[in-house]
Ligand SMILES: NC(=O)c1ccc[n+]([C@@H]2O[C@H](COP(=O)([O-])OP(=O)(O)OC[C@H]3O[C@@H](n4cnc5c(N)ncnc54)[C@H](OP(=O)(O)O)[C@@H]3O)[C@@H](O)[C@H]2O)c1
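The form predicted alone is given below as one chain in structure tokens.
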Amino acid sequence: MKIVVIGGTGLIGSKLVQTLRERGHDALAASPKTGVNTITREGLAQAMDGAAVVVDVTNAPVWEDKAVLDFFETSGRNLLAAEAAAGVRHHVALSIVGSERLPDNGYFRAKVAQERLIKASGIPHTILRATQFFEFVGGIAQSATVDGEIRLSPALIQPIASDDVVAALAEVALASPVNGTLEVAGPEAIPLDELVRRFLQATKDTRKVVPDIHARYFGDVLNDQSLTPGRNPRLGAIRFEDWLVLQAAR
């Protein structure tokens, strides 16, 4: 079966392409690096030719509010139109757990807009919302650093390894569309400040983490429901401590 992975050369996409090929499928890594651009539409129709499933794991190249919204809306419209023309039978999109609960985060608002386009398209679809990746914990720490001190909310977060996200995406892509939203999260919920503290300890970073219930997470104040899944999510198998050990070994 031909499966097109939009964003197929990125962190998630490259692993997903490899996983699908190992399972015997014709997985196409589609990105500007391979001549497929969902903004300009370059190579898009050719990529869709004969595709049964399209998995969209694109990541916007910018984070400014208007630019990221324009990216996901333009990319989404162009991609869905190309899929409709080609008769694609299943559109899978990777989104973010809690995106509608953090309205002051421009990136999250853009993901909500992307989901809206998918639901209105009429194409059979599955939206898989994932919690934050372990791989981005260092970036969270950096974004919250002021004068060498990291101020973070103690609200719960349930982060996940990218390998577990890939496993869930592969399963969804090879299943029937649910025409709705599923969630995937890591195996344990951890206070955000504690998560970053563990990361710093493992990487021998001496910055101090200060818990602050008023600290903003990319624009929003958090509570324990902001970055954790709802009822009955799929849970990944890789624990944060095990992932840290693996990163150190690498």
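So that there is no doubt, residue numbering starts at 1 and follows the sequence shown. Being a predicted model, the structure only gives us computed values, none of them experimental.
Another form exists, predicted in complex with the ligand; not displayed. Remarks below refer to it.
Student: What I'd like checked is whether Asn37, Ser95 and Thr131 together line the ligand in the predicted bound form, meaning each has a non-hydrogen atom within 4.5 Å of it.
Tutor: Yes, all three are in contact.
Student: When the ligand is placed as it is in the predicted bound form, which of 148-156, 170-178, 118-126, 71-79 ends up with heavy atoms within 4.5 Å of it?
Tutor: Single hit among the candidates: 71-79.
Student: Decide whether Asn59 counts as a contact residue for the ligand in the predicted bound form under a heavy atom distance cut-off of 4.5 Å.
Tutor: Flag for Asn59 set to yes.
Student: Residue-level question: is Lys208 within 4.5 Å of the ligand in the predicted bound form, judged on heavy atoms?
Tutor: Looking in the predicted bound form, residue contacts with the ligand do not include Lys208, since no heavy atom lies within 4.5 Å.
Student: Check whether Ile238 has any heavy atom within 4.5 Å of a heavy atom of the ligand in the predicted bound form, and answer yes or no.
Tutor: Because no heavy atom of Ile238 falls inside 4.5 Å of the ligand in the predicted bound form, the answer is no.
Student: Examine Ile12 and determine whether its closest non-hydrogen atom to the ligand in the predicted bound form is within 4.5 angstroms.
Tutor: Output for Ile12 is yes: heavy atoms within 4.5 Å of the ligand.
Student: Would you kindly say which of Pro191, Gly50, Pro187, Pro32 lies with a heavy atom within 4.5 Å of the ligand in the predicted bound form?
Tutor: Going through each option in turn, the one that passes is Pro32.
Student: If you apply a 4.5 angstroms heavy atom cut-off, which residues in 215-248 are near the ligand in the predicted bound form?
Tutor: Heavy-atom contacts within 4.5 Å come from no residue here.
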